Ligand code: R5P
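The chain below stands alone and is given in structure tokens; this is the form predicted on its own.
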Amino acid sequence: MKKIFDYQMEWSGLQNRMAYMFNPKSGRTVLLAVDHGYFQGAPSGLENLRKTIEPLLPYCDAISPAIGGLKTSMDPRTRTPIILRATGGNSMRRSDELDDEIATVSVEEMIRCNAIGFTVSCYVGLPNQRQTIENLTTLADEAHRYGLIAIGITAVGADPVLTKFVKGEREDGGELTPDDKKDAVRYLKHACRVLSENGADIVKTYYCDGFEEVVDACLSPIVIAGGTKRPTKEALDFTHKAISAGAVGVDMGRNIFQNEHPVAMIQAVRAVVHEGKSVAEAYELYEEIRNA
């Protein structure tokens, strides 16, 4: 596992903010992503953002909303660290242009909102690759002057060649072939390395078979995205595999807030990430909490 902290370094605001979002015992993190509305509108589970967030806050190490969700739906007295979505400008209404993002939040606004860091989607290999990487480099350069954390996301937009890696299946619903799985490793290794080389302190990406290679190729610690909604056991399984392969945590959204029992699910995810529980043990905990 890549080290989050190097205690031989001098004190810095960046390291201190990292300490806010990483559990001191496990060295890992459970981030709750609730920023989906910035391009999806009101997805299932986030129609009433405040109602969704409040019972989950005690169980996440940090939360990632968009600026609108933060200002309208989060209690300003919360002590949960904020990782603010910093790019957008797109919408599912024009899904073929999902990679056409711009910076939507200034570093000054991040500081004003007391965020400890931000996320930026970078669409490596898609038409607007350059501008999205520039979003990361520009924001990271300024944010690092104030010790804020830059998280780069390996986004795939609506590209059918790339989205199959995220969904774990081909367009026709069939299973990925061995060649597909090799392509996934090659792409994610490439994309993660590009983001880490361009200033991302943490890289958020998707799990794939052979994930150890992705972790080894990336210069920054990796957290995995939850991706599309999956059955509870399946989501816990890829979480366990990713942590075992070297991920330092998860940044999960739909597999928590769209679960039938979100509070039980986030606690089960925590058990895997922070306590090293097996999939069977985590699912047993999920069942106990939901039945209670």
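Quick note: we count residues from 1 along the sequence shown, nothing fancier. Because the structure is a prediction, the values reported are computed rather than measured.
Note that the form predicted together with this ligand isn't included here; everything after this is about it.
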Site check 85, 227 and 252: each within 4.5 Å of this ligand in the predicted bound form by heavy atom = yes
inquiry  = Does any part of residue 61 reach within 4.5 Å of this ligand in the predicted bound form? Heavy atoms only, please.
reply    = no
key: this ligand contact at residue 33 in the predicted bound form, heavy atom, 4.5 Å   = yes
message = Within 4.5 Å, heavy atoms only: does residue 200 come near this ligand in the predicted bound form?
response = no
ask   = Taking the shortest heavy atom distance, is residue 156 within 4.5 Å of this ligand in the predicted bound form?
value = no
task = Would you point out which of 33-41, 48-56, 240-248, 263-271 contains residues with a non-hydrogen atom within 4.5 Å of this ligand in the predicted bound form?
result = 33-41
request  = Would you mind checking 189-215 for residues with a heavy atom within 4.5 Å of this ligand in the predicted bound form?
outcome  = 204, 206
